[in-house]
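This document starts with one chain, in the form predicted alone, laid out as structure tokens.
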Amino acid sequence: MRRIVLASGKGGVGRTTLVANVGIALAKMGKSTVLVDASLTTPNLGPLFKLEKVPYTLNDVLAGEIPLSDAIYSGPHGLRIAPASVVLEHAKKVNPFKLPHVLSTLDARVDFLIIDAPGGLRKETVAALRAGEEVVLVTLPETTSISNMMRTRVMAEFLGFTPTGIIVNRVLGEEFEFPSAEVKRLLNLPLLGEIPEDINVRKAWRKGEPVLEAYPKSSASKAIMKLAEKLVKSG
């Protein structure tokens, strides 16, 4: 099983949407894939799959009330999702540092475990990084996002992880943006993918679907499929 953490220096870079769609892409390729929302106080992954009203969540698992298997739900193409609770009170009862142990109980036949780490430098972020084996950094092609991501890289390296690569997300192709090649040079990390800004992503979520399902031929969907193929080949 490959345990990959997608991390960013701050919110708003499209990391959760990327996690959701990469998960679907891997599942469409026949890979047994589980997505985990490690943002225990600011969860976003579950609602993207209409799982905000499920009876059990990862919070209940981390509180020691149920096994992980009871908080995993089915998604498109056999994808499975472990959402966090959207109820703030539920976040107060959990110990995020139990996450690595909890995820170690996952069925070994899973090909990919993709962890959506919360932005920033919170204890939830540390727990999410410790729960993975590979760290992939997600950034926008602009100064603030890259600067914040550098801090996340420092945290990952402090915990003993050398990030395996970067994804530059929501690329407009405008002059004010950093070219992806420059982001790669600044961080001295492999460029795993460049995802263009695509109005179809927002249109898809308004329809209640991931872009890979609603608009599979869109520019973002094609780039995400290429990213998923690269992840598979790199294993």
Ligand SMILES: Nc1ncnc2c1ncn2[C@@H]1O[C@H](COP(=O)(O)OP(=O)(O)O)[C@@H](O)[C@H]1O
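Predicted model only: the values in this text are computed from it and were never measured. So that there is no doubt, residue numbering starts at 1 and follows the sequence shown.
Heads up, the form predicted in complex with this ligand isn't pictured, but that's what we're talking about next.
Note that among 60-68, 182-190, 165-173, 22-30, the stretch whose heavy atoms approach this ligand to within 4.5 Å in the model of the complex is 165-173. The closest heavy atom approach of residue 53 to this ligand in the model of the complex falls outside 4.5 Å.
The shortest heavy atom separation between residue 207 and this ligand in the model of the complex exceeds 4.5 Å. Not displayed here, this ligand is approached by residue 13 to within 4.5 Å at the level of heavy atoms in the model of the complex. In the model of the complex, none of the heavy atoms of residue 40 sits within 4.5 Å of a heavy atom of this ligand. Site residues 195, 198 and 201 are all in contact with this ligand in the model of the complex, judged by any heavy atom within 4.5 Å.
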